[in-house]
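The data below hold one chain only, encoded as structure tokens and taken in the form predicted on its own.
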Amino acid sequence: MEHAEILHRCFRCGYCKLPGSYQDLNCPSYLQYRFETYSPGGRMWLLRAWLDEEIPTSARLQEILFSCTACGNCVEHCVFPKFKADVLNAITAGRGELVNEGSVPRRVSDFFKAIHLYGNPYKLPEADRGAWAKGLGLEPYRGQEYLFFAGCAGSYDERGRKMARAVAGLLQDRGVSFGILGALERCDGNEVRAMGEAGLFEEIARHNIAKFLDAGVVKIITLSPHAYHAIRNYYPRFNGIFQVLHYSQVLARMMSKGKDQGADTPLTVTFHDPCYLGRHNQDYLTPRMVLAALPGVELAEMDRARVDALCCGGGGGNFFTDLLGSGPDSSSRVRVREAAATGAQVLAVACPKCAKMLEDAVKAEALESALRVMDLAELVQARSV
């Protein structure tokens, strides 16, 4: 197994499951279950024992490995600089070994099957991928400056579609030259990769790269940080080299000349850093630049922000497999309680998976009257003229 050589070097000090303050639990699966096996260090010990045939393959082992949200907190807070960068890679590789063995949870295999058969985890027709843009007057990509990649959530999820429409509307209003691929798009594959199915991820990446190159795409704007991460960091391995931006980075450039003009009624906002924009790609600034340019908006940071942000729990495929489950100790519910404690009226997000996870958590916590989840683009539309 790749990265197997680092497994024995972990002695479970526990920093991987904490934020920088050491005052909270920042590993979503450990936060939910409170068993050491669900922590990054525990998974590494389990993997070592499994590879040494000290423990058998079991449904429990599968559940533990695939409940990781791939948020990257372990990489950030591991105290061993010589191997910390590969802690998450080792867990992903372990998942890959289980995939190769055909030993994965049913919900994981169903996810892979849906991607393979439909090109998306929603099991909906690829012909419907462009339906989110109905009525906006968007043009197919024909050499415009940017391709806007809506992704699976932006194409099929009700909440994601609203975000995609808000972003596309802003790009139109601000005069950005862009087009969409519609039915020619396919899943970006990031969750497939994070869940260890390397072969399927390569198939997806090569399909999208071929469609991009055939259309003459050079620059891409993504709705999802997950797509941003995959296309920016993993597609180049298959000769898919593009200039990739997350939409928040485009908005920040548009608004860099100062405050937008519009409603200046005071509004307190707190921001939830998406793992795949923040920890995985080290961009904590641009979403805050967008918020700083909005009239009347005051940013109230949560105790866990930027590099210490608590994952919403939807990464690593859990948005679709739900291996973490729900309940008051789920990271999404803990996160919205933390957001509400800032006194903010709005919890701002920049990821369709975060939006859905946190909106559901707001409802579960009965916080609808106190806290509203809004995407950055929706906020810009609401506060600007």
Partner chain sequence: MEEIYRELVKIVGERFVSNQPEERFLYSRDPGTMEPHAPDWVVMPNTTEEVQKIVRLANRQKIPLVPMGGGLVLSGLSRPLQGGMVLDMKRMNRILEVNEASSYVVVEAGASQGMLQAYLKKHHPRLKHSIPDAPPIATIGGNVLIHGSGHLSAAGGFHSEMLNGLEVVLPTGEVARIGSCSASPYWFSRSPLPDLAGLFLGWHGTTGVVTKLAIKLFPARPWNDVGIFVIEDPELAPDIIRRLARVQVAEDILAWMSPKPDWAKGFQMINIAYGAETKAELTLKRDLIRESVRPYLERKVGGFMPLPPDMKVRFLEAPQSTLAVFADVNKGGGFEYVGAIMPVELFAPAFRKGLEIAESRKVPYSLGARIVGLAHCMMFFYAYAFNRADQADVRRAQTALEDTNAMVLEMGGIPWKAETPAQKQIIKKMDPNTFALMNRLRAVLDPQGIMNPGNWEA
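This structure is a prediction, so every number in the text was calculated from the model and none was measured. Positions refer to the first chain, counted from 1.
The form predicted together with the partner chain is left out here; the points below concern that form.
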| property | result |
| --- | --- |
| Per-stretch contact check against the partner chain in the model of the complex, the hit in 314-322, 41-49, 356-364, 343-351 (non-hydrogen atom, 4.5 angstroms) | 41-49 |
| Any non-hydrogen atom of residue 332 within 4.5 angstroms of the partner chain in the model of the complex | no |
| Distance check, residue 122 to the partner chain in the model of the complex, heavy atom within 4.5 Å | no |
| Contact of residue 32 with the partner chain in the model of the complex (heavy atom, 4.5 Å) | yes |
| Distance check, residue 178 to the partner chain in the model of the complex, heavy atom within 4.5 Å | no |
| The partner chain in the model of the complex reached by all of 18, 55 and 60, non-hydrogen atom within 4.5 Å | yes |
| Proximity to the partner chain in the model of the complex, single hit among 85, 131, 285, 79 (heavy atom within 4.5 Å) | 79 |
| Heavy atom within 4.5 Å of the partner chain in the model of the complex - residue from 303, 214, 158, 101 | 303 |
| Stretch 3-42 - residues with a heavy atom within 4.5 Å of the partner chain in the model of the complex | 8, 9, 10, 11, 12, 13, 14, 15, 17, 18, 21, 22, 23, 25, 30, 32, 33, 34, 35, 36, 37, 38, 42 |
